[in-house]
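Single chain ahead, written as structure tokens, the form predicted on its own.
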Amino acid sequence: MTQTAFDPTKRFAWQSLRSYADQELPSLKQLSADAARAGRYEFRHRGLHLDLSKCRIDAELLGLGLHQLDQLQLSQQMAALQAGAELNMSEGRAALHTLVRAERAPHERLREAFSDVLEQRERMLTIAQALFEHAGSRVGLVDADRVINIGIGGSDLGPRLVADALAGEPGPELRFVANVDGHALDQALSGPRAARTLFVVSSKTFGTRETLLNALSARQWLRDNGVAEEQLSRHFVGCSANPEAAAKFGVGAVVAFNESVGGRYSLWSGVGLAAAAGIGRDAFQQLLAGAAAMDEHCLQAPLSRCLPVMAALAHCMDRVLWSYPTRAVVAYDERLGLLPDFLQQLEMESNGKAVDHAGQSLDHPAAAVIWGGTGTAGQHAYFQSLHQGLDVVPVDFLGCIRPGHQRPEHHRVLLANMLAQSAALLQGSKIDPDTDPALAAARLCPGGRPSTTLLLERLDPASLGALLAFYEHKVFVQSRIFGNNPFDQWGVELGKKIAGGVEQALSSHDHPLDFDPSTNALIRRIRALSN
């Protein structure tokens, strides 16, 4: 793999931005008085409309930020990402998630890898289409009415989001199991006839404890419900970068993908099989094409007009200049209700780190805590705190201009609420001066609270692919601004390692307890009450 112009000792220099923000930048309310502001900070690409006019930015501040991105050679790094450079330095590998959705090899050095991608993609789509048509027997599997995806993290969130947003008739019923809690598996297994149920087991290593335990229990459920031993394999497909382990488990088909495709970026690979089975081959290819179009946008657009770059810059300013610790993502479309969950992993697992590439401590905060839900439901819950709480929480509002249903009045009310909430966060409330002071204080909404609005012209496979790729590239740009590696997750690995020892201690009362005193005490309590 090639090396890139990336220099791990170089950092985004915040000093000039801090100085300007502290001394000269007007307040958000003052900035919003500019009638030309909306057009100046709107960015468009293929049906996506990004509005940053309610962020506390101006031309001078953005200019300072873009200059720093030029100093970091961001354009070259974005190209290097898609060219297969070893940007995951702590693990010595590339990040090839853009390759698995590409229409052609982006670089000569990736020609062989892309040939493998095409072969893997065709196998996945062939299996997916057979499942979509309830004709798994064409590919050696059962003719399933129900497909249950067993995975966790990136092997669950991406496919689940796409299925939730796009799947429906005439594909099979889709269910998803991520949690190792037996209640989650019981819920997924309820109702379906075993003879017409197929499981997609997705795991990059095919060694994830939670996923394998759920898969083993699913296999036992098939046995308990009359499926003959010699037929069990026909009820399983394995999606993994370790196809040998998947085959050893005993699956009827294996879909492989490159080990340099990170879990939270793996939707586009064989991990997307369950989603593809729910929406069909053609729709999944449109999803890939939409994402690939966003990849091309990041290569071709100048930084000042590139949607992921401008969103990343504005949102990093929220985090570093104003020290806002969390960010709310509110989707005003029920089909995108899982987007906040997806972005929690994408942003917090990628950039929730405290050191840079050189192992030096960051001198500023990195990833914000991502949370959220759907509008209008959230307006009757946590929006109270967004308007009047002491903590300022930037909000991402997402909506679709054209609905996917035939209830225009509902959609008009939905979009009216979305626009009203962003306006209210910005403007705040006006109180009659004759109002009782205590009541006035209680009713006051201060306003001046930032938000971003992202509109899709319509939600279809191509626009959803572009949206998710937009967020992936935004996270990559943020990692360059923060200075961390967005492609490893050592904190996750630590928890897995300790969990293995705790499991042994819970399994045997004779197992020594060598954890911290609090954990040891909790294990003793569970042992005592489990008898």
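Owing to the predicted nature of the structure, the values given are computational and were not obtained by experimental measurement. Note that residue numbering follows the sequence shown and begins at 1.
Just so you know, the form predicted together with ligand F6P exists too; it's not on screen, but the next bit is about it.
Annotated contact segment (heavy atom within 4.5 Å of ligand F6P in the predicted bound form): 149-157, selected among 149-157, 435-443, 416-424, 104-112. Only one of S463, N485, Q489, S53 lies close to ligand F6P in the predicted bound form, with a heavy atom inside 4.5 Å, and it is Q489. A single residue from the set T205, S217, Q388, T376 has any heavy atom within 4.5 angstroms of ligand F6P in the predicted bound form; that residue is T205. Not displayed here, ligand F6P is approached by Q345 to within 4.5 Å at the level of heavy atoms in the predicted bound form.
For G263, a non-hydrogen atom is located within 4.5 Å of ligand F6P in the predicted bound form, even though that partner is not displayed.
In the predicted bound form, ligand F6P sits within 4.5 Å of a heavy atom belonging to K496. Taking non-hydrogen atoms only, E349 approaches ligand F6P to within 4.5 angstroms in the predicted bound form.
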